[in-house]
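One chain is shown next in structure tokens, namely the form predicted alone.
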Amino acid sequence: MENEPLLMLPGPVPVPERVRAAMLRQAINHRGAEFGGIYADCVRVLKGLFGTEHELFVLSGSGTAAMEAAVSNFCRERTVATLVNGKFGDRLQKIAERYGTAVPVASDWGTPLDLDALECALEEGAEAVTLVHNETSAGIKNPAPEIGAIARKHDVLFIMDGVTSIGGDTVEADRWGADVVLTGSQKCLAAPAGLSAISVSPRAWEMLVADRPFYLDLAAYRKSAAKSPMQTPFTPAVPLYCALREACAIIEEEGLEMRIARHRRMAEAVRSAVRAWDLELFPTLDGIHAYSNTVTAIRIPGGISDADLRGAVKETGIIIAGGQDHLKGRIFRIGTMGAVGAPEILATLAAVERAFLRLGYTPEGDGVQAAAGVLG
């Protein structure tokens, strides 16, 4: 709508008008057939995005709620190897510390994970491994298939955070051996914040702990989902489920392969602009780690402050992200996820280029033109 800021963040993302409109309706019975159909539709589409045939549940709670559900239902009083190369890997580590024993397998943020150290942690008795597939704090995509293979080799539980990859990149949970997989509604799905989804493999159910949380008890979600009509164990955020179903309908209309290709093209366009500007992408890669397809992290050029850069871009009505925690002031980030496309990408890059010039940094080349060449 007119005068609304354009959110080019790694979530939340712009919500399509028809998704917003889906929330503007009279309340319905969340134990009735209509809500059961809404819930079932969401589950059906999300299973395709997860790449799973396993049971999947939608929770009234953000992605962090699903992270906590994953750990608290399966890892209480267990030893967990937590892979960390960014803020959200660190968050999973902190959650694991609450419920069991966390063995951090940590790398500098934005650098490759140490898979040899993971092997050692599992050989020493860790019973589960956690991974953030797409670490938006640093703009790096971690090698989920390889980590899944290591988990299977050691016969341990594999928990994967797909919050910023599911719906915007290839995710094949079952093929990768990911036992518990989760996402959030406000990222690549382009729905409002406040819901999350989690899938659980038969193998994971065998590790279900007895002392589970009350609200996030996945056994209770399983029992309610098996009812007819499909239900949640507690009162769901019904308007958000309505919005999520509409977002899922949009994904089906676009087609998952086309959606993933669009996300990849947008990210490559931003990276092309960065190269034209002669700036440095933040992540350090090797042969199996990759740049994120849903956010690009860029080092801020010398002589420019984070606040000034993002402030100048904000004056154009566009919101981009800065760095988090110790990366604050060192990087800025441009999200390429959800329901945006070439017009939004080019407008954002033009705003950044304008901000550079205004703040005294003259790019080597025309980033907007470089990006346009990728977007076609």
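Heads up: residue numbers just count along the shown sequence, starting at 1. Note that the structure is predicted; figures quoted are calculated from it, not measured.
Keep in mind that the form predicted together with a further copy of the same chain is not shown, yet the notes after this line are about it.
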Exercise for review: Mark A40 yes when one of its heavy atoms lies within 4.5 Å of a heavy atom of a further copy of the same chain in the predicted bound form, and no otherwise.
Suggested key: no
Check your understanding: Is Y99 a contact residue for a further copy of the same chain in the predicted bound form, using a 4.5 Å heavy atom cut-off?
Key -> yes
Exercise for review: Could you confirm whether P363 comes within 4.5 Å of a further copy of the same chain in the predicted bound form, counting heavy atoms only?
Suggested key: no
Review point. A65: heavy atom within 4.5 Å of a further copy of the same chain in the predicted bound form?
Key: yes
**Study point:** Heavy atom contact within 4.5 Å of a further copy of the same chain in the predicted bound form, the stretch among 164 to 172, 279 to 287, 209 to 217, 121 to 129
**Key:** 209 to 217
Point to revise | Residues S137, L256 and R259 all lining a further copy of the same chain in the predicted bound form, heavy atom within 4.5 Å | key: no
Exercise for review: Please pick, from P104, P145, P239, P229, the one residue with any non-hydrogen atom lying within 4.5 angstroms of a further copy of the same chain in the predicted bound form.
Suggested key: P239
Check your understanding: Though a further copy of the same chain is not shown, can you say which of R275, K223, R203, K94 has a heavy atom within 4.5 Å of it in the predicted bound form?
Key -> K94
Review point. Can you name the residues of 193 to 211 that have a non-hydrogen atom within 4.5 angstroms of a further copy of the same chain in the predicted bound form?
Key: A193, G194, D211
